[in-house]
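Take a look at this single chain in structure tokens; it is the form predicted on its own.
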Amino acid sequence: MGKIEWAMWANEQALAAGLILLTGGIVGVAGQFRDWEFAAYAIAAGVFVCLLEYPRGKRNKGTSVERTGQYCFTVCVKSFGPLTRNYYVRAFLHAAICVPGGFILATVLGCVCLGIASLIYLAAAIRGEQWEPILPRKESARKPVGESIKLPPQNPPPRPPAEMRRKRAEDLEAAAYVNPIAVTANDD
């Protein structure tokens, strides 16, 4: 079995937690809940978490798929160096950010989700994972595609191998082929 990459799960969990924290903060401020200042904090914290977690990290297997528009966020996150690359820092940062969200009902769910993401990041850090950016690949010089590949097939599948196909009927001598299996009359 393959090794679980915990950072990938933590990234998805933290991004969802940031969105939930942001939504709860908007509800808390719009509803003028008691201690709505914590909800205003949750809006700022939710935006920060979403901006930090939007760029996906490169997987160890190399099958990473970047999110739409991730490149500009990747450059910003990468510029902070070891502060954003180290998952211990992210785990403690998310744990500290989620604490004030527990003081108001509208942001409790985002607080709990961010706390879970913090624990998953801690597990990733203990296993030695770290964030590596997904950078665009340089286009390699591709070989030109042959003319026969550009044209669609003329006959439907199943197609015989190329050496067994019948040749064009314009040249009857060239169109004939030798049957590799001997054919004999069976007069029983």
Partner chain sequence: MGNWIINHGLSSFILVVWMAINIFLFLWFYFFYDLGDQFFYTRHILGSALAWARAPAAVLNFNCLLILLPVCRNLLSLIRGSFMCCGRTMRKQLDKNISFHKLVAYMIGLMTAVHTIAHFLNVEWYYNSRLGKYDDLSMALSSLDDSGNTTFLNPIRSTTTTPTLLVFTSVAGITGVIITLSLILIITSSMEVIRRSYFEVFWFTHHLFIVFFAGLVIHGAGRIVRSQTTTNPPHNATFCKDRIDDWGKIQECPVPQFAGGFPQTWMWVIGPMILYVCERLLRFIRYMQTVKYRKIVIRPSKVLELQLVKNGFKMDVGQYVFLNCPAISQLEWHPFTMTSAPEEDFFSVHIRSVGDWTQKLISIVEQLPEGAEGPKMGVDGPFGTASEDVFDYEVAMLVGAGIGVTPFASILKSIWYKFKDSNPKLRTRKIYFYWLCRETHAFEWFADLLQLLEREMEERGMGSFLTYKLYLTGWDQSHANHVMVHADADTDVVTGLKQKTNYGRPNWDKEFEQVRKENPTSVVGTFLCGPAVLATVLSKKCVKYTDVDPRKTKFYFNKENF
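Positions refer to the first chain, counted from 1. Given the structure is predicted, the values throughout are model-derived calculations rather than measurements.
There is another form of this protein, the form predicted together with its partner chain, and it is not shown here; the text below is about that form.
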Inset, instruction - Spell it out for me: taking its partner chain in the predicted bound form, does every residue among 85, 122 and 135 have a heavy atom no farther than 4.5 Å from it? - result: no
Legend entry - its partner chain: the contacting residue among 44, 27, 126, 51 in the predicted bound form [heavy atom, 4.5 Å]: 27
Inset, instruction - Check each of 89, 99, 109, 75 and return the one that places a heavy atom within 4.5 angstroms of its partner chain in the predicted bound form. - result: 109
Inset, instruction - Look up in the predicted bound form whether residue 20 has a non-hydrogen atom within 4.5 angstroms of its partner chain, and give yes or no. - result: yes
Inset, instruction - Report whether the minimum heavy atom distance between residue 95 and its partner chain in the predicted bound form is within 4.5 Å. - result: no
Legend entry - Partner proximity in the predicted bound form: residue 34 to its partner chain, non-hydrogen atom cutoff 4.5 Å: yes
Inset, instruction - Please check if residue 103 has a heavy atom lying within 4.5 Å of any heavy atom of its partner chain in the predicted bound form. - result: yes
